[in-house]
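As structure tokens, one chain now follows by itself in the form predicted alone.
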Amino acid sequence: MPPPIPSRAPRGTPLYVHLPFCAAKCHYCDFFSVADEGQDLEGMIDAILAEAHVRAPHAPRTVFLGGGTPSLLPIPLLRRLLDGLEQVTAFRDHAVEVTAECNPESLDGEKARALLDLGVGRLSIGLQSLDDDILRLFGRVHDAAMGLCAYEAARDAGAPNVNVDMIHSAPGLPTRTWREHLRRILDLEPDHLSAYTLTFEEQTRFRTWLEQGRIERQAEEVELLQFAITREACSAAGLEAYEISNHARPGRECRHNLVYWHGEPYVGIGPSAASKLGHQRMGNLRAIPAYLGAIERSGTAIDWLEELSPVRRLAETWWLGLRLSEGVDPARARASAGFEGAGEDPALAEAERLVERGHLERVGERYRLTPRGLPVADAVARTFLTRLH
């Protein structure tokens, strides 16, 4: 059994709420989600609210409804969930940002207005592609026209902050097509664009198909070209890259996700949701029956809990922080990791080694990726995990 955990997260701690239901499981997705058909949606909402009573913070600084597909919930269940969270946390008067992830098949004008009325201010819409063949390959249940209609529904409802999710480097996607699709999305003037390189994660259908030779990933030079085109086009449209895959208008960065990249505390509720409190990390059970049963018995569903060593925490702080365009301040990284007084900072020697290789540069007190390091950012950042012990 894991050690006991505090009954409530500290006041102001950012809150993540995981809704595990989708219309269908996407072929590239490794998040915990299941098709909603035959599932007890009301029972899940009641369980999440029961967990919130035990663990959710008062006055969270940010709230993020993720999944899964939160917009899939019928309006009465969205009201039950968000009114229930309000009773427990008073988020409506305190959160500076409240995000709900939405998919086009479940976001129309009525749903968008309901989300806004219930306290959500940021809608993150998973368009993923404007090519219907690619969308079918991804396992999406919407087409491109439906995606564009969902975006317009969000704007017409008065959403003050809209993000669009897109994926580049899909198998067989020509670079000229990606460039055209990107132009069409940017012409919509979203406040934020998340543009991810397609990955083939373990235990996904895409990974199985890749290993079976049923699909082929794009050549590395194509991935890098589509990545570069994305950054250039977004910058020209006024959306600067503040993180490897995330671009925003000034002041519209996703404040909740910045919590993760800065290594700050947060609490997650719902099946599979992770939390970071102090120097402990923990995660909930990753199965719906087990989660529901645990909540019914005790109000919590913690499956694992760990506390890393100070040097490991420091390595992870650099690994996450280098994703940001602002880079990493070593003093802030040590403070965040609780490394102060733990001896000489081993991350500095590694950072200097990467400066010599041309992958990092020093700007004032910070280290950040260079243009040479940016295309291989994951590998550069990962060296802190592999070399710091």
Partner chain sequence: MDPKLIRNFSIIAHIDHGKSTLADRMLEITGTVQAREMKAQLLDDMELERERGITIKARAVTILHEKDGVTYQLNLIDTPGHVDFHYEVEKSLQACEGSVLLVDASQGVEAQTVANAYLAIEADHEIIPVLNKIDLPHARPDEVAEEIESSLAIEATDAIAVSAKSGANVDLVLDRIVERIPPPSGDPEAPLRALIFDAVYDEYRGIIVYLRVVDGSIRARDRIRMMGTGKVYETVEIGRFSPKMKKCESLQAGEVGYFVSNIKQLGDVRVGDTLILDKGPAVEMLPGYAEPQHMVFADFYPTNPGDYEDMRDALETLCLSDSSLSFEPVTSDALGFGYRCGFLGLLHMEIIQQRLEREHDLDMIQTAPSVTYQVLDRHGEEHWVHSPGALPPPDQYEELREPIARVSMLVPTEFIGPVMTISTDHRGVFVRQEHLSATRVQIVFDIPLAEIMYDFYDKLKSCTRGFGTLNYEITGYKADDLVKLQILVNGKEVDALSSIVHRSRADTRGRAVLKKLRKEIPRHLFEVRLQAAIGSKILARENIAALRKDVTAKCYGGDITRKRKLLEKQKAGKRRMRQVGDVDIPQKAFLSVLGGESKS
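Residue numbers count along the first chain shown, from 1. Since this is a predicted model, take the numbers as computed values, not measurements.
Not pictured, yet referred to below: the form predicted in complex with the partner chain.
- Remark: none of the three candidate residues (Phe21, Ala241 and Trp318) comes within 4.5 Å of the partner chain in the model of the complex, counting heavy atoms only.
- Between 306-314, 71-79, 85-93, 153-161, the stretch whose residues reach within 4.5 angstroms of the partner chain in the model of the complex through a non-hydrogen atom is 306-314.
- Although the partner is absent here, Ala228 is not a contact residue: none of its heavy atoms lies within 4.5 angstroms of the partner chain in the model of the complex.
- Although the partner is absent here, Val17 lies well away from the partner chain in the model of the complex, with no heavy atom inside 4.5 Å.
- Among heavy atoms of Asn246, some come within 4.5 Å of the partner chain in the model of the complex.
- Under a 4.5 angstroms non-hydrogen atom cutoff, the partner chain in the model of the complex lacks Ala9 among its neighbouring residues.
- Among Glu232, Glu220, Asp132, Glu110, the residue placing a heavy atom within 4.5 Å of the partner chain in the model of the complex is Glu220.
- For the candidate set Thr177, Thr300, Thr197, Ser106, a heavy atom within 4.5 Å of the partner chain in the model of the complex is found for exactly one residue, namely Thr197.
- In the model of the complex, the partner chain lies within 4.5 angstroms of at least one heavy atom of each of the following residues of 345-378: Arg353, Leu354, Arg357, His359, Arg372, Leu374, Pro375, Val376, Ala377, Asp378, in sequence order.
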